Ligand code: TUI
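Given as structure tokens, the chain that follows is alone and in the form predicted alone.
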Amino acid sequence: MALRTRLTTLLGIEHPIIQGGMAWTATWELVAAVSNAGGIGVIGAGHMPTDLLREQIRRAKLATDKPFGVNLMLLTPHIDDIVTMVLEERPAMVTTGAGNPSKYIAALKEAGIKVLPIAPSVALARRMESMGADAIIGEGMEAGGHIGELTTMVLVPQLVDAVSIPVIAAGGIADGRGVAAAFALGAEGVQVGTRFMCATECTIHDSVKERVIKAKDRDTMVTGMSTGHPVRVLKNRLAKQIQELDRANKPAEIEALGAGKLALCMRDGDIEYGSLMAGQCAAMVGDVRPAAEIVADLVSGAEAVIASLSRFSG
């Protein structure tokens, strides 16, 4: 059985598996490994300086001859410079989040770059389709990092009904059962983030990987609600400080406190006062494995679930 969909054709990949473009986490090493395994890796640009992101893209090109992408966080102050550079380097695709990519879609597509915006709502998905998006990533609030209001289970089928382009399910997917469930909802691919944090090739600090592996089912929380940009993280001292500021409705203080904390966690390994962004499915991550094995398990697990459902037919 092969999980062939419009997404695999669109991106020229073997498996409909997109690695989430996590800032300070999804560097060229992980990206190349996922692409070489038949999925598609995505560099997490975050607030990365433009020259550093260019270097990341060029290193990925040396490490894989397969398609890969870049995630653009549209709230980045120098996003115009980043987009200009991406147009020069021409990765196979971009995913976009934390904003509306409308002003960039035409130029990206003219350069031959596929555009896959993250859409946490039907209204935004429809607008992105009308602007020329090639596919939509429907990310539920189970995901780590910046989140919307709807769960993956509720959001994805509504997006499938609302748009004609492929929908990719994201949020809460860590194994083949999640992949199969996404296909049952009408998705034509999945985006997986938290599981790839514990890939061998992921360069985040070992203490972060250990914390993800130790996570239990209720170990995440949503912070920063008062800022209008809520973020799901694993509980730690920083998250509790932000929670108190949320209760006091002090969004400016939250923004100041959170500055630089993602890098502090992922690069420096401060799992108490760094921003430990991870999804609810962290509790389903049990080990550190090569990215190729993670991709293979996602695909084979989904195939096994789909095959088992044949017992309901006839």
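Note that the structure is a prediction, hence the values are computed from the model and not measured. Each residue number is its position in the shown sequence, starting from 1.
In what follows, reference is made to the form predicted in complex with this ligand, a form of this protein that is not presented.
Contact annotation: K114 falls outside 4.5 Å of this ligand in the predicted complex, judged by heavy atom distances.
A residue is said to contact a partner when one of its heavy atoms sits within 4.5 Å of a partner heavy atom; G132 fails this definition for this ligand in the predicted complex, lying far away. Using a 4.5 Å cutoff between non-hydrogen atoms, K209 does not count as a contact of this ligand in the predicted complex. Contact annotation: G148 falls within 4.5 Å of this ligand in the predicted complex, judged by heavy atom distances. Residues within 4.5 angstroms of this ligand in the predicted complex, judged by any non-hydrogen atom, belong to 90-98 and to none of the other stretches in 90-98, 212-220, 106-114, 176-184. No member of the trio L53, L62 and V86 reaches this ligand in the predicted complex with any non-hydrogen atom inside 4.5 Å.
This chain appears without its partner; in the predicted complex, the one residue of V154, M225, V122, L75 with a heavy atom within 4.5 Å of this ligand is L75. Only one of V70, A33, M277, A282 comes within 4.5 Å of this ligand in the predicted complex through a heavy atom, and that residue is M277. Contacts to this ligand in the predicted complex (heavy atom within 4.5 Å) from stretch 229-251: H229, V231.
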